[in-house]
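Here we start with a single chain on its own, the form predicted on its own, put down as C-alpha cells.
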C-alpha cells in the first residue's frame, strides 16, 4: 500500500484536507473488507510503533496494537509512569530517541492545557509520524471512525441532522476532545450539526467559531443550543456523551452543583422517540450506563456503538499504512 502521506503527523483532522480524509476512509473500507475476508495485509512488515499512554485505554490501545500487528509490524505499549517522562524527561528528548528506534510515535495525554502541547512538542522534534491517541483538545482517531460509521449507516453525510449532546455522568471528569473533534469535522462533510449542552459545559469560543467557518466553507450547518429536546427532535443521528466543564472550570473535581443540576440530560427511550424513526445512536464508549444512557437505548435497534468501535481498528490501520510505509 503506497504511503501517500509518508511521515505526516496525525494530531488533529484540521491538518488534513477533506480529500485526504476521504482517502483515509477509502483505505479504511478496503482494509475492513480484507480483514473480513481473512486476507493478509503485510504493508508494514517489521515496522515498530511506540504507544505512550498517560491514561487508561481499551479501544485505542487495542486497535493500534492489533492494527499494527495485522499490517505486519509491532507496537510497543509504553505506560508513561514507567518511563523517564515521570521523572521530568522532555517531550523533545523522548521524541528524538524513540524516532531513532522505530517508525511511529503515538501518545494519549488528556491532561487539560498539557496534552496537546506535549504531543506537538514531540511532533516538532520527531523524524517519524506522531499520532494523537487523544489529548485535551482532539481525538482524531475517534472522529475518523465516527465519520466512517456515519457513511456506512446513512450512506450520505449531506444535510443529515447530527446532534452532539452533553449527557450526565459521574465516573470521571471527561475530556472535551470527542465533541470538539466532531464539532469541527462533521460540518466539513455537509452535516447539519447541533451542539447541545447545559450552561457551564461550553466548548472554547475558538471551537465554535471554527466549526461555523467549516460549515460555511463546506455546505454544512453548525448551531449551539441549551435545549436538549430541540437537539433530539427529528435528528438523524444522536451522540449523547458526557464531557467536563474544562473550558470554564479547570478543577479536577468530578461532581459539583452544576453537574448535579443536570441529571435529566440523559438519553432515554422516550426522548429518542422524538428523533427520526430510523435515528442512529452513537457513542465513543465507554458509556456511563444508567446515567448517560438507558440500557434499552445503547443495547437497542438504533445503536451502532459496536460497529463504531470496530471501525476504530480499520481507521487506525489506514492511518498507519498511509503514513508509515516505504513503498
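This is a predicted model, so every value here is computed, not measured. Residue numbers count along the first chain shown, from 1.
Keep in mind the form predicted in complex with phosphoric acid mono(formamide)ester (CP) is missing from the figure; the text below concerns it.
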#### Entry: The single option of 109, 183, 242, 142 touching phosphoric acid mono(formamide)ester (CP) in the model of the complex, heavy atom within 4.5 Å
142
### Message
Which residue, 276, 266, 59, 302, is the contact with phosphoric acid mono(formamide)ester (CP) in the model of the complex, using a 4.5 Å heavy atom cutoff?
### Response
59
#### Entry: 4.5 angstroms heavy atom contact with phosphoric acid mono(formamide)ester (CP) in the model of the complex for residue 284
yes
#### Entry: Contact flag, residue 314 vs phosphoric acid mono(formamide)ester (CP) in the model of the complex, heavy atom cut 4.5 Å
no
### Summary
Among 29-37, 49-57, 267-275, 294-302, the stretch whose residues bring a heavy atom within 4.5 Å of phosphoric acid mono(formamide)ester (CP) in the model of the complex is 49-57
